[in-house]
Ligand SMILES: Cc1cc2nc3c(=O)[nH]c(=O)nc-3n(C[C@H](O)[C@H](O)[C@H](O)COP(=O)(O)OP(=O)(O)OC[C@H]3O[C@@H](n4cnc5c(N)ncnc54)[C@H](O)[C@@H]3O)c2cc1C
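So this first bit is one chain, no partners, the form predicted alone, shown in structure tokens.
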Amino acid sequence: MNDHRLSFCISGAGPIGLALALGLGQSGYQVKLLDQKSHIDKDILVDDHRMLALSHRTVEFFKRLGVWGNMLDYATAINSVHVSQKKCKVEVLMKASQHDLDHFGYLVPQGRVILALYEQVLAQEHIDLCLGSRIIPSADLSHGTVTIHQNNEKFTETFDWLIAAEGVNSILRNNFGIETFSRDYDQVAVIARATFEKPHQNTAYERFTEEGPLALLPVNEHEMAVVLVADSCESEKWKKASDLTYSAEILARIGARLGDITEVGERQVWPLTLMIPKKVVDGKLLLAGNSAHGLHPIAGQGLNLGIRDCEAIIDLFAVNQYPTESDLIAFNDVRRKDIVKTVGATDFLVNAFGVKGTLAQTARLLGLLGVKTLPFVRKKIATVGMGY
């Protein structure tokens, strides 16, 4: 009987890399987790108030890892989702209670998610967290042999599996020569937190306008995480815009349903792109998170799709420590299908609501009317939004 336990090298210690390391470590595998950050600064993480939208399925996964309890105190539930289009009388309100659920998901500060994962990773004897480290691209990577640069020193190790959780511009994915399909949306997301006069009552808003889509996600009682999408040519404008200008644009898109905006936080401007790789497994390499996909943020599915990558990888090795070629082909097919469907659905939303003209406006009205009046359509949309 072979007592060898598989070894993994995960490049990237964001939420996806940390979750993967934790799940594989809890399964008894040896994991080396690399991250370019030189140290963990708890104060910086506590002050990181950028919000992550966690689907119902992602919350259940974090419970499985034993980290949800440390996030819950900082989480705001999404109990309903309101979808509307500017200048359209038809509006759709989906409530979690209509689907026998207590929530569709939660909003949690990114720093609290990462901190909760870090604490569990550091407590795992099977995980070696290497801070201030990175992989040096080389021809040996296809055999699982990596040269690691850490603290001005280099050393070489061989692993059974390499996992790229590095982001859209993945060094490992590029080194393996995995081709990708990419498209620039020619848009930017202007992200911030805003406080409104009226309480949001745990409702998330998806608002589509000719100027671009707007997402408002509940935080605390009156505060909301804002994702305002604009054309790329306006990037500099929004980087320099005053609080008043930003607030005015939000209100121009969403209307007065939440009252005036009393405060706006620091803004970040991100370019938006679509990316799908031709495969997510190649030899000894697995892709996860933004190394495996890039999608528009309007539906808040990016992190949740990455968590499904984590689930699939952890389950792949939980079921069979030594997956066969057919196991890997099946794994690739399932993950690719999920990625293509999720990225495609988000892309369709952006494009469908971005088309101008009376005919397009009428088509969208009929679409919203169908969602509002057909329970099975609402149920399908809710199920997909929850990550199932």
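Note that the structure is a prediction, hence the values are computed from the model and not measured. Residue numbers here begin at 1 and follow the sequence given.
Below: the form predicted together with this ligand, not depicted.
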| task | Answer with one of Val343, Val59, Val350, Ala53: the residue that has a non-hydrogen atom within 4.5 Å of this ligand in the predicted bound form. | result | Ala53
| request: Could you tell me which one of Ser84, Thr76, Gln187, Asn290 places a heavy atom within 4.5 Å of this ligand in the predicted bound form? | output: Asn290
| With a 4.5 Å heavy atom cut-off, would you call Lys337 a contact of this ligand in the predicted bound form? | no
| request: Indicate whether His39 is a 4.5 Å heavy atom neighbour of this ligand in the predicted bound form. | output: no
| Can you check whether Gly111 is within 4.5 Å of this ligand in the predicted bound form, heavy atom basis? | no
| message | Given that this ligand is not shown alongside this chain, does His126 nevertheless sit within 4.5 Å of it in the predicted bound form, heavy atom to heavy atom? | response | no
| request: Name the stretch: of 22-30, 62-70, 45-53, 323-331, exactly one has residues whose heavy atoms fall within 4.5 Å of this ligand in the predicted bound form. | output: 45-53
| query | If we check this ligand in the predicted bound form, which of the residues in 290-326 reach within 4.5 angstroms of it by a non-hydrogen atom? | reply | Asn290, Pro297, Gly300, Gln301, Gly302, Leu303, Asn304
